[in-house]
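Take a look at this single chain, the form predicted alone, given in structure tokens.
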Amino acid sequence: MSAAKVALGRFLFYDTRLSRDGSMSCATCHRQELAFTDGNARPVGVTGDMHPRSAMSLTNVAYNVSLTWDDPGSRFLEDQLTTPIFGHDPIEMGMERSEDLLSRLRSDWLTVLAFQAAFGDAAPPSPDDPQTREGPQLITMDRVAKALAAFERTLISGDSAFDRYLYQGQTDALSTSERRGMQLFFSHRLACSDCHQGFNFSGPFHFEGSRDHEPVFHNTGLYNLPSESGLGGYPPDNPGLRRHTGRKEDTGRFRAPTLRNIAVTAPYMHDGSIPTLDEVLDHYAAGGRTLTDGSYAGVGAQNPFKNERVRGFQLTDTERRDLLAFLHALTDESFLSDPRFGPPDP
């Protein structure tokens, strides 16, 4: 990490040259004002391919033990971020060869200088020397990945009303309703914090000096479709953790996303299939979602692989308003508008 690497990573994060046709950047699907999500149920790539899962928030992504909805092996930003650039199933940014991307970057002298500043090469490159401008040592995919990861690790959110109340000693930062909602959130009756735990309201987290943690995934009873051995199935394009383990009991298991800034990241769930936070509460209050018609009809509460913590609960109208108020109190307005995280000046 260095200021120069972060600056380069921010520049690359908003750079459409990282996509096949120059129409997309990382920021296309990770918009700052939406806590680095995109407001869509599922992102669409440069060729029109729709991604099966929604764009996850990058809020406090530096602390995540795993980085995607269902892949336990996705642990490091430097490795994961090449998937949207070069992946083919689905096609997102659509680049086919790293050399094509690197050639674009090497052709711009200001970009060359930015890489030199970020990675501290011994001597400034010369525009008259093609070896320093085009050679493989200065601009590489390894350095592209490291710069992007450096910028993403600065996306720290910790100035919501909840933070000011709990960590900064501002006793009036939360309203009476928001404080009641906080008590409900952390109560045994609702058990929200059993899965959305820790300072990031997500799951296991790590930091420098912490012990290693294994990623955790949950089936929340969003679907309950016929499968090869009865019920418990999920849509074929989204089997969850089972996609990686092959184990039927891992069907429908996904990572709990952060709830920080949750009020601005609709629609919800791994496939964007629940439009509003109010409907998310309906899903959990019922102990799983019931779909009465269509190809995905089923009673999610009866999914045999559902997490036992998702047992359902009842809320009065006042309790529902309080809980929603608390979730809104997790919004960090400064994070959503901080110019350090926005597009760099032209």
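Residues carry their position along the shown sequence, with the first being 1. Just so you know, these numbers come straight off a predicted model, no measurement behind them.
What comes next is about the form predicted together with ligand HEC, which is not displayed.
> Which one of these stretches, 163-171, 205-213, 148-156, 106-114, sits within 4.5 Å of ligand HEC in the model of the complex when only heavy atoms are counted?
One stretch meets the cut-off, namely 148-156.
> Taking a heavy atom within 4.5 Å as contact, would all three of Phe13, Leu81 and Cys195 count as contacting ligand HEC in the model of the complex?
Every listed residue reaches ligand HEC in the model of the complex, so yes.
> May I ask you to check whether Leu77 falls inside a 4.5 Å heavy atom distance of ligand HEC in the model of the complex?
Flag for Leu77 set to yes.
> Using the partner position in the model of the complex, report whether His218 sits within 4.5 Å of ligand HEC, counting heavy atoms only.
Yes - in the model of the complex, heavy atoms of His218 and ligand HEC come within 4.5 Å of each other.
> Please determine whether Gly233 contacts ligand HEC in the model of the complex, using a 4.5 Å cut-off between heavy atoms.
No, Gly233 is distant from the partner.
> Do Ala325 and ligand HEC share at least one heavy atom pair within 4.5 Å in the model of the complex?
Ala325: no contact with ligand HEC in the model of the complex.
> Counting non-hydrogen atoms within 4.5 angstroms of ligand HEC in the model of the complex, say which of Met182, Ala256, Leu138, Met95 makes the cut.
Exactly one residue meets the criterion: Ala256.
> Output the sequence-ordered list of residues from 61-90 with at least one heavy atom within 4.5 Å of ligand HEC in the model of the complex.
Counting only heavy atoms within 4.5 Å of ligand HEC in the model of the complex, the contacting residues of 61-90 are Val61, Asn64, Ser66, Leu67, Thr68, Trp69, Leu77, Gln80, Leu81, Pro84, Ile85.
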